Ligand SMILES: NC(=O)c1ccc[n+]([C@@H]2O[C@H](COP(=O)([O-])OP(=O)(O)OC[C@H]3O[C@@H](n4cnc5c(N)ncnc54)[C@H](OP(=O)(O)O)[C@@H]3O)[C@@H](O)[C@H]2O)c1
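A lone chain, given as structure tokens: the form predicted alone.
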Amino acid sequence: MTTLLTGGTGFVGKNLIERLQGVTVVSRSPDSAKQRLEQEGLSGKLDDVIQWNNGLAEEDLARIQPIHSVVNLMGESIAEGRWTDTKKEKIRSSRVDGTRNLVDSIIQSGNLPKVFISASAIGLYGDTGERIVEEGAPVGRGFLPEVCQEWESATAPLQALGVRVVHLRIGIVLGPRGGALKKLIPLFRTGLGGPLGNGKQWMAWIHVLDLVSLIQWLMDEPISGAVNATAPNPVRNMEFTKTLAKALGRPAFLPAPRFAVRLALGEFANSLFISSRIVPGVALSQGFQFQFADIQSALQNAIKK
């Protein structure tokens, strides 16, 4: 079973490769990607690494016969750097234009997959306040909701050809050696961790191993459309902060005021203070089993590893 994977050298991508066989990774720098994956002990999982140049060469896609699954994880990091106009355009174009070009390349090659699983984000819903939100909720307002909506719409040509398309709306990803904890743990270990603002905003999160399992599950389950990739139990920022501090044996009582975070991070800071009480309605209703359903077990596993 062949999987075509974009974003294969990222945190989620590497964890996914570890669980699969027969992966072809797409990269702007194939030689560098091969080297990085070899250093992670993942080279034995790869069939190939092919060149991305704002699209894929037809001859490269022709070598992959047949493609069972495409997992599209490409996208400029939203957490790195201030949101200047240039940064925001990179965030949008890397997701929207990148996905559109990937879809066009696949269609032109005639090598259509059984399923196209494309990353999206819970940022699509905007600030949900106290509402419990499943996949049928409306799109929010603002930059991230607009980008996510365009991102998902970029897969429409494949859907029109009958390919099963899944839009994976991913929450905050937790796990060892990457994701959100890569930045948070050093802060908490020095005693600088604390709740954001009043800490009452909801956080929708998922352990990376559950995210990878969910992607594998969706490769074969007859599910299409939006799927929230979040754990069943979102938590308030205050609870997340206390749980992480306790797991690390560090204090976490000084709140970070919104104005200070905005001074440090710019517009991106706004996304840290919105409330995201998102639950995985589709996954739960269709029988997916989460290994880490509560924040305590997720953080203990991530820190232990």
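In case it trips you up, residue 1 is the first one in the sequence shown, and so on. Being a predicted model, the structure only gives us computed values, none of them experimental.
The protein also exists as the form predicted together with the ligand; that form is not presented, and the subsequent description refers to it.
Visitor: Do residue 24 and the ligand come within 4.5 Å of each other in the predicted bound form, heavy atoms counted?
Guide: No, residue 24 is distant from the partner.
Visitor: Classify residue 120 as contacting or not contacting the ligand in the predicted bound form by the rule of any non-hydrogen atom within 4.5 angstroms, answering yes or no.
Guide: Although the ligand is absent here, residue 120 would touch it in the predicted bound form, with heavy atoms inside 4.5 Å.
Visitor: Give a yes/no on whether residue 13 approaches the ligand to within 4.5 Å in the predicted bound form, heavy atoms considered.
Guide: So residue 13 counts as contacting the ligand.
Visitor: Please tell me whether any heavy atom belonging to residue 194 falls inside 4.5 Å of a heavy atom of the ligand, as the geometry stands in the predicted bound form.
Guide: No, residue 194 is distant from the partner.
Visitor: Of the residues 218, 165, 172, 154, which one places a heavy atom within 4.5 Å of the ligand in the predicted bound form?
Guide: Partner contact (heavy atom, 4.5 Å) among the options: 172.
Visitor: Among the candidate residues 74, 115, 147, 209, which is the single one with a non-hydrogen atom no more than 4.5 Å from the ligand in the predicted bound form?
Guide: Partner contact (heavy atom, 4.5 Å) among the options: 74.
Visitor: For the ligand, considered in the predicted bound form: do all three of 7, 28 and 95 come within 4.5 Å of it, counting heavy atoms only?
Guide: Affirmative, all three are within 4.5 Å.
Visitor: Since the chain is shown here on its own, which stretch among 134 to 142, 172 to 180, 230 to 238, 100 to 108 would lie within 4.5 Å of the ligand in the predicted bound form, judged by heavy atoms?
Guide: Careful reading of the contacts points to 172 to 180.
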